[in-house]
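Have a look below at one chain only, the form predicted on its own, in structure tokens format.
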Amino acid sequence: MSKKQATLDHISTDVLVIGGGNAALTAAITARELGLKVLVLESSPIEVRGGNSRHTRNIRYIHDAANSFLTGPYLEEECYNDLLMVTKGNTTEKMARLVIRGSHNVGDWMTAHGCRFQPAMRGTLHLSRTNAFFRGGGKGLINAYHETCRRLGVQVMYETEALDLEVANGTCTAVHAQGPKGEYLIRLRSVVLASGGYQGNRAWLREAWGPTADNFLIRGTPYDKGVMLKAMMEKGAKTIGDPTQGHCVAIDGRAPKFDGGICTRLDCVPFGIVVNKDGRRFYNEGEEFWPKRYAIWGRLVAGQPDQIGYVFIDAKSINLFMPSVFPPLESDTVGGLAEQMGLEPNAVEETVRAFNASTKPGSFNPGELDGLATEGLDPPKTNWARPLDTPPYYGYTLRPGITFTYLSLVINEQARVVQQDDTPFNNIFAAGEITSGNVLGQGYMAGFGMTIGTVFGRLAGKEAATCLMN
């Protein structure tokens, strides 16, 4: 045995957690509090630790009553019905209810482990009853959990990527990893896979989507490449989910290729109109409240020529949504704004004329489904349909922004990864985005990725520890 190999063999742990986001850290904390030695592999540098979780700002969970940062109760059936609406029924009820029930008052556990919450901010008030907002955003949450890990004695190895697993007869005995100082062989007694989806893997996105994927922007971390997902598929793990489905939203077309985060999202669509490169509308901008429907717009834009859309609003609406990170384009005329955006002015002006002619008098209320709808227009706008008639006019370009993918490892109700023959692996557990397809077949609702990560993370950490204690 070489000196290098002998050194590598000395790395061992009870529970190995692969990943560094919310699901990984909740799993690590839970396993450590049960008395097990825990090691976390975080593929990113410490400065950008936390995976997609560092870009989040809230979590959706059920609770029985209002508190200092939530304005009212949110119960199981309402949450489940919200999920059915956004997924159009494409969910596994058993797993969906497991997540929803497991989220009951989870904010108390989070607070006990360092998280701090704040009331909803301007532009997010539709979520003030259902979602709790992190003070300091997702980065604040990740920093708090890392402090808890440090206090508990959880070891974290940064810039260390898990490459493959040694699995025999349904049991994982070791993981091969690559770090700053070379290769590692990490021996373990159980493992939690919480390493995210594959949205950072351009080749895999092209395999699923074709060349249109080249025009996608990745909102989250570039470190989520699906390495563990692919490795487990090769080891005989069962998967669930359409490779082309994921949390895909319309974001500012000027956002960076990777890591733009939540600040690149645009929330102005309900208050204006969206056209494609031909200057034509293609969907109902007023279908539902934005927290419930915003995640459909990434796929809608992905289906348009060159995977691009253009949103137009006027001066009446500029202060109705969360401010954008990039300033909008601005013009005193619709045609002038269209020209700035590279569109044919006459086509856009005609679209706006037709839209304005279809609007009717009524009571506009951005805080509720106001029924202020167009008449005789295809596609219609069924709420908040006010004419675009008040200069200056503002515009943004839209691109599909992939947050995370839904092709996932199948897990059971103990968060064990399931094999092709429907038997679970003995000591391989999973949580977070690598499991999202068990609940999300399509669509998304705000804050629910954190729900999945927190509930499955705690469950995986508990089961990964208790399976060693029996």
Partner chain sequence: MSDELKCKQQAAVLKEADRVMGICNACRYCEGICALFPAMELRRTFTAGDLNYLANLCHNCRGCYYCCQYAPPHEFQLNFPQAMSALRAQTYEQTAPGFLKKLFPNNAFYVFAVSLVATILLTAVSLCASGPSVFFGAHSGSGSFYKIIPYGAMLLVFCLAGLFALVALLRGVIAFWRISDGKLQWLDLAAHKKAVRDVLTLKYLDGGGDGCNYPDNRFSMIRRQFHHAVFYGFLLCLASTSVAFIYDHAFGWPAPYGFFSLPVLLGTFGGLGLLAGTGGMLWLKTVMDARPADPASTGMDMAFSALLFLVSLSGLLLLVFRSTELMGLLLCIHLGLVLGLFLTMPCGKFVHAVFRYAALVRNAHEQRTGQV
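This structure is a prediction, so every number in the text was calculated from the model and none was measured. Rigid core here is just the name for the largest C-alpha set that superposes within 1.5 Å across the two forms. Numbering follows the first chain given and starts at 1.
In what follows, reference is made to the form predicted in complex with the partner chain, a form of this protein that is not presented.
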Exercise for the section: Could you check which residue among R60, R416, R54, R32 gets a heavy atom within 4.5 Å of the partner chain in the predicted complex? Expected result: R54
Handout entry: The single option of W384, Y394, F321, Y74 touching the partner chain in the predicted complex, heavy atom within 4.5 Å
Key = F321
Practice task
Mark S358 yes when one of its heavy atoms lies within 4.5 Å of a heavy atom of the partner chain in the predicted complex, and no otherwise.
Solution key: no
Handout entry: Contact label in the predicted complex: T212 to the partner chain, heavy atom within 4.5 Å
Key = no
Problem - Heavy atom of D259 within 4.5 Å of the partner chain in the predicted complex - result: yes
Exercise for the section: State yes or no: in the predicted complex, is some non-hydrogen atom of H247 no more than 4.5 angstroms from a non-hydrogen atom of the partner chain? Expected result: no
Handout entry: Stretch in contact in the predicted complex with the partner chain, which is absent here, among 301 to 309, 135 to 143, 192 to 200, 82 to 90 (heavy atoms within 4.5 Å)
Key = 135 to 143
Completion exercise
Residues in 29 to 52 that come within 4.5 Å of the partner chain in the predicted complex by at least one heavy atom, in order, are E47, V48, R49
Exercise for the section: State yes or no: after fitting on the rigid core, is the Cα displacement of P328 between the shown form and the other one at least 2 Å? Expected result: yes
Handout entry: Shift of Y394 between the shown form and the other one at or above 2 Å (CA, core fit)
Key = yes
Exercise for the section: For F271, decide whether the Cα shift between the shown form and the other one is 2 Å or greater, given a superposition on the rigid core. Expected result: yes
